[in-house]
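What follows is a pair of forms of the same protein chain, given separately as structure tokens and numbered structure 1 and structure 2.
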Structure 1
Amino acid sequence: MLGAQLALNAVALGAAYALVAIGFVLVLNATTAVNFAHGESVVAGGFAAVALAMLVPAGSAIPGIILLPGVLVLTALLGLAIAALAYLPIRNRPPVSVFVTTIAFGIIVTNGLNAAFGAAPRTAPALLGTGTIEFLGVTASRQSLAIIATAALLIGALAFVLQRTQLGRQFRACAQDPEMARALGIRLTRITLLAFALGTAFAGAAGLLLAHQFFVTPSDGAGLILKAYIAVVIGGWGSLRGAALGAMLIAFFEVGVASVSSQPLAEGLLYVAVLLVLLVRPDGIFGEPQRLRA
């Protein structure tokens, strides 16, 4: 039954990583720019949950799921700030300029959180309570199950918006050909702002999901952006389903492969897998819709 438990843990971790990677791709598709402050947005989501939980009177525990709307709103506002300060003013400059401004923004977020909350790891409330559930001999953590359900809900809602609404069609048009989209009357700046808000809100949601079980510290962002980047490279630059698949693959290596080898070896094997994917399919598993690699 250990195998089933490991599989559940891997899926839960992969689900949270998938939110991070999908948020990263949303911005990428709308702007063709890499938002290097995305990892810090995940961390900001975790700390937003910690801060919101502190507003509740001491002694009364609040489920993390109640905090989710607040976290989404706060991190969406953070996304708008990233767009307004680190992207829009320099969007016509070479991509490397956006790298630098978003990295700088991320450092500001990290140091701001460090100043506000301190450097110690913090924990956010569990989504729907703590403890485990026994089912067919498998001990499943409530938090893991809640992470999977919440991530599935958010990804499903995003898929609906992108596939079934006019806004979604505008998003996809901008991702495929921004100039043609502009010629057709789509307001690119509006779509860009929405992409930053939505992508960063997804990152924030992932921060909430991860911050209970795995804690959150101000300096966690660098590791998370690396995971998002790898997930997107594996899945296909600009592909949302590819990002989700890449995220699951990372979690599979972190949990599954590590359980039969060792964690450092599993990490090494992950990068070997990345190289193999790029060797066999240079555009990633699901192609490269934008044909632009930053």
Structure 2
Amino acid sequence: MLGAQLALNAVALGAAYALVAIGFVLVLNATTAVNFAHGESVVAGGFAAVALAMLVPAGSAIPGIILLPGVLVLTALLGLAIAALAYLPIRNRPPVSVFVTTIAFGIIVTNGLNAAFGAAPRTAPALLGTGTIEFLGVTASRQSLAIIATAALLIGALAFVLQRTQLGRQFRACAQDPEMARALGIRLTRITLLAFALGTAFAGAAGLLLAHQFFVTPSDGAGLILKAYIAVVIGGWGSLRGAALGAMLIAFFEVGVASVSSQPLAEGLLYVAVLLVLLVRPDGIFGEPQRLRA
């Protein structure tokens, strides 16, 4: 049953990665630019959970799921700040300007968290308590099951909004053809702010999900943005379902390789695998070769 346990761990890790990658694509589709502060948004979500847990009286334990709404709100506000300060003022300039401003914003977040919390690893409360559950001979941690359920709920809610609501249709219209959407009277600035808020909130939720099991430090953002970028490259540039699938493939690859060797080797081989994917299918699994994105 070791294989089943490893698969469950991979699904849980992939679910958290999927939130990061989907948040990344939400901003990408709305702006056609890459938000390089996205990794720091994940870290900010983890530290938001740490900070909120510190507000609870000493000796009291609070489930991480109770902190989730607060983390979503705080990181959504962070997303609005990124949009207002690092994207909207220069959105009509060359894409490299957005790269630089979002990188700068990410560095500000990293140093701010380092000043506030220190460089030592921190941990957030478990979502629904610690311990394991035995089912059909498979030992599953409560945290892994809670991560999968929470990520599925958030992704399902997003899918409902995008597919079943007027706001979602406006968002998809802006992603497909911004100029036509503007001609139809859709307010692109509002959609952009929504994309940054939702995308960063998803990243913050992932930070909460990951911070208990893997800890969190202010400098983790660079690795996380790379995971999101790789997931998007594998899944297809601009595809939400591709981003989720790419995130799952990354998680299964990492867990599988780490189970027989080591985590550093898994990280190294991941980039080799990405190069091979790009050679075989440069547009990704659900890529859109007819479109060019910044």
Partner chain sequence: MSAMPRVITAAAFLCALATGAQAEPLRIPVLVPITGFLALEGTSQKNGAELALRGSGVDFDVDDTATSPEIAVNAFERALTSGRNREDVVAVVAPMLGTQMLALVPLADEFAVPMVTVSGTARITELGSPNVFRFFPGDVVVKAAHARYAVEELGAKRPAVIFQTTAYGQSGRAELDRNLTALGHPAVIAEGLDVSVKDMLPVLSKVRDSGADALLLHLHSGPTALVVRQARAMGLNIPIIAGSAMHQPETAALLEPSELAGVCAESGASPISETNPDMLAFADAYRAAFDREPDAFALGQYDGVRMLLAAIRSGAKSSADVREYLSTQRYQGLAMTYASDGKGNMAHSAVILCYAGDSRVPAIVKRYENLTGVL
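Rigid core (definition): largest C-alpha set, two forms, superposition within 1.5 Å. Each residue is numbered by where it sits in the sequence of structure 1, with counting from 1. Owing to the predicted nature of the structure, the values given are computational and were not obtained by experimental measurement.
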Check: So which is it, 1 or 2, that shows the form predicted alone?
Finding: 2
Next item on the list: Please check if L265 moves between structures 1 and 2, taking a CA shift of 2 Å or more relative to the superposed core as movement.
Entry: yes
Item checked: Core-superposed comparison between structures 1 and 2, V274 Cα displacement 2 Å or beyond -> yes
